[in-house]
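Coming up is one lone chain in structure tokens, specifically the form predicted on its own.
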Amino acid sequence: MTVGRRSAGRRLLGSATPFLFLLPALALVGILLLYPFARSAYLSFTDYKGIGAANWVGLDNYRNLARDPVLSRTLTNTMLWVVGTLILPVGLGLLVAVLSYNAKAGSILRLPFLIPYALSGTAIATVWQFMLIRDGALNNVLDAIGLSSLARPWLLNPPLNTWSMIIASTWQAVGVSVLLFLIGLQVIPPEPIQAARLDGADGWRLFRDMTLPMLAPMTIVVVGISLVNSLKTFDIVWIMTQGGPYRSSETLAVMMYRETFVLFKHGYGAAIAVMLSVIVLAVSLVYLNRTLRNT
């Protein structure tokens, strides 16, 4: 009887061993992701101000959010960031990776795109703010070369201010796209490419019919990362314009920060955070579902 119990205990321990190795990761996910989300979800139903008691107000924060005139503008700006991020960093990253992959000086050609990736978003925003302010470097250069008619208040007029910041973000974000696409190009087997060249495929036709389809798995990763990051854009907007002027360049993440840490409406800010999390999750699930279904 004792031997049977020992063997049963060993089998139970053996089956539980993989889950024991998962415990540290599950603990980190629970502490860093699940608990903060649950806490934010709870605060979104309260009038918490950051200090004192959190009084339950039900759906009032969500009703006020739906009536907030700033919400439609922030949603529009967030969608502009999604579109701009998918077109510019992903497209340019793919172009640079393909053109420099087999080039003799490919590593040198990629260097200007990879160096900004090593910088922080704060540094990127500070540099571009210096360039794009009304009396900044860009307008001064345009005046000096006789193109003063092209000078603009780049960060003052919507939607020009949002597109200007998207371009600034592209300068940094294109680096990671280049790296990921290079990895994808390196794992493509050479045999199909060589066979296509023997059949007469070259240039754009070779890229469209052979290289791009075989890059599909990495393209899914790059687009997915860019999509999620664009929905959560905060640092470059806050440093360059703080969502201004008159909140014309705010994104959802900036709106959440302003309401929570500037206006001290923690409950209202938590409602925005929950809405942003739901949007990110929904967009990610829809994207992955459609992408995996077509592969």
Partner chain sequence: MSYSSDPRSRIHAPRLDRRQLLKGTAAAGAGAAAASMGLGHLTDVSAQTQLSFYHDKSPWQDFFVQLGASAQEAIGIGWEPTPYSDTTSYQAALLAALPTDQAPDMFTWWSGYRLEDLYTQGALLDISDIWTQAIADGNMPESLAAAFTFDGAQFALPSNVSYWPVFYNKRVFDDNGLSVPTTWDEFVGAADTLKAAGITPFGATQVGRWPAFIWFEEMILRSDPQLYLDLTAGVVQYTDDAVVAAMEVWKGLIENEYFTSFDVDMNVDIPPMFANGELAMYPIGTWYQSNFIDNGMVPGEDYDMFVMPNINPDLDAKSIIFEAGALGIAANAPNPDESKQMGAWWVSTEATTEFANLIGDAPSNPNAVSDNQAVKSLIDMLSADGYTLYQRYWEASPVPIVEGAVDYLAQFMLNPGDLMSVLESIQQLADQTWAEREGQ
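Positions refer to the first chain, counted from 1. Everything numeric in this text was worked out from a predicted model, so none of it was measured.
Not pictured, yet referred to below: the form predicted together with its partner chain.
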| query | finding |
| --- | --- |
| Heavy atom of Arg258 within 4.5 Å of its partner chain in the predicted bound form | yes |
| Contact label in the predicted bound form: Arg205 to its partner chain, heavy atom within 4.5 Å | no |
| 4.5 Å heavy atom contact, Gly30 and its partner chain in the predicted bound form | no |
| is_contact(Val228, its partner chain) in the predicted bound form, heavy atom dist at most 4.5 Å | no |
| Which of 110-118, 94-102, 210-218, 134-142 lines the interface with its partner chain in the predicted bound form (heavy atom within 4.5 Å) | 134-142 |
| Listed residue (Leu34, Leu263, Leu26, Leu59) with a non-hydrogen atom within 4.5 angstroms of its partner chain in the predicted bound form | Leu263 |
| Candidate spot Ile87, Gln194 and Arg197, all three touching its partner chain in the predicted bound form (heavy atom, 4.5 Å) | no |
| Residues of stretch 45-65 in contact with its partner chain in the predicted bound form (4.5 Å, non-hydrogen atom) | Lys49, Gly50, Ile51, Gly52, Ala53 |
